[in-house]
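Just the one chain here, laid out as structure tokens, in the form predicted alone.
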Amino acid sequence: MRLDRYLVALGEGSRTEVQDRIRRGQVCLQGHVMTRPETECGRNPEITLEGRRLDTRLIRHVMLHKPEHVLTAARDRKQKTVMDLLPGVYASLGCMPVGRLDRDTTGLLLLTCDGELNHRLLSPRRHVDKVYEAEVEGTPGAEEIRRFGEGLFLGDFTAAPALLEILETGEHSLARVTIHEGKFHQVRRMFEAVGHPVRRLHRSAFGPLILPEDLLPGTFRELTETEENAVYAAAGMERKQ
């Protein structure tokens, strides 16, 4: 990739801005001052900008604890989106959410710059589990567990069999449900179909990833190497360096 395009991808300015900085001798590649924007970088280059060494990784993966009232979208003119919770470099690199969580659903959201990984993790053929904790009205029991396990007809489609576990019972009960699909409002619609509307919904796991207790709502971190390996394995891919 050309040096100027690399700097744009890293969110260091517009094409015109970075070209100007290169020509003024503010950019070093592999320890050498570069003045030609068209210089080819090669793979995993060492780049410094005005003495600041840049993180030149083009493929990054982020675990975000999505809070309530935030859209799972790249941008929205009126409402805050998950991309507003991340530094601008992730948008510059093309980092996108893997699937979506509803506006009022909280919990683990994976974002990645790897489009093929994103596609494979969402493919129904991969059967990547998503685990949710739901506070619902009333007390689900054995009948609801059976219906979830058999698959539920929701009008426009039939949800695949899901694992329903009842964690706490009462006027408002707590349940855990594991699905491998991700249709629009699916978990909420499944509970609605069995007469137990959802009051709160939280995703605690996505494939091999488990939301850490110390990752607070609205905060994020990049995946560890172990987590990256596990995610690529779940997608049936070799990890990209």
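Start at 1 and count along the sequence shown; that's the residue number. Keep in mind that what you see is a predicted model, and the values were worked out from it rather than measured.
Here the subject shifts to the form predicted in complex with a small molecule, a form of this protein not shown in this document.
**Student:** Would Thr105 show up as a contact with the small molecule in the model of the complex if we use heavy atoms at 4.5 Å?
**Tutor:** Residue-level check for Thr105: yes, a contact with the small molecule.
**Student:** Taking the small molecule as it sits in the model of the complex, is Arg199 in contact with it (heavy atom to heavy atom, 4.5 Å or less)?
**Tutor:** It does not: once the small molecule is placed as it appears in the model of the complex, Arg199 has no heavy atom within 4.5 Å of it.
**Student:** With a cut-off of 4.5 Å between heavy atoms, is Ser173 one of the residues that contacts the small molecule in the model of the complex?
**Tutor:** No - in the model of the complex, heavy atoms of Ser173 and the small molecule never come within 4.5 Å of each other.
**Student:** Indicate whether the small molecule has at least one heavy atom within 4.5 Å of a heavy atom of Leu101 in the model of the complex.
**Tutor:** It does: once the small molecule is placed as it appears in the model of the complex, Leu101 has a heavy atom within 4.5 Å of it.
**Student:** Looking at Cys41, Val187, Val62, Leu209 here, can you tell me which has any non-hydrogen atom within 4.5 angstroms of the small molecule in the model of the complex?
**Tutor:** Going through each option in turn, the one that passes is Val187.
**Student:** Among 23-31, 53-61, 178-186, 209-217, which stretch sits within 4.5 Å of the small molecule in the model of the complex, heavy atoms only?
**Tutor:** After filtering at 4.5 Å, what remains is 178-186.
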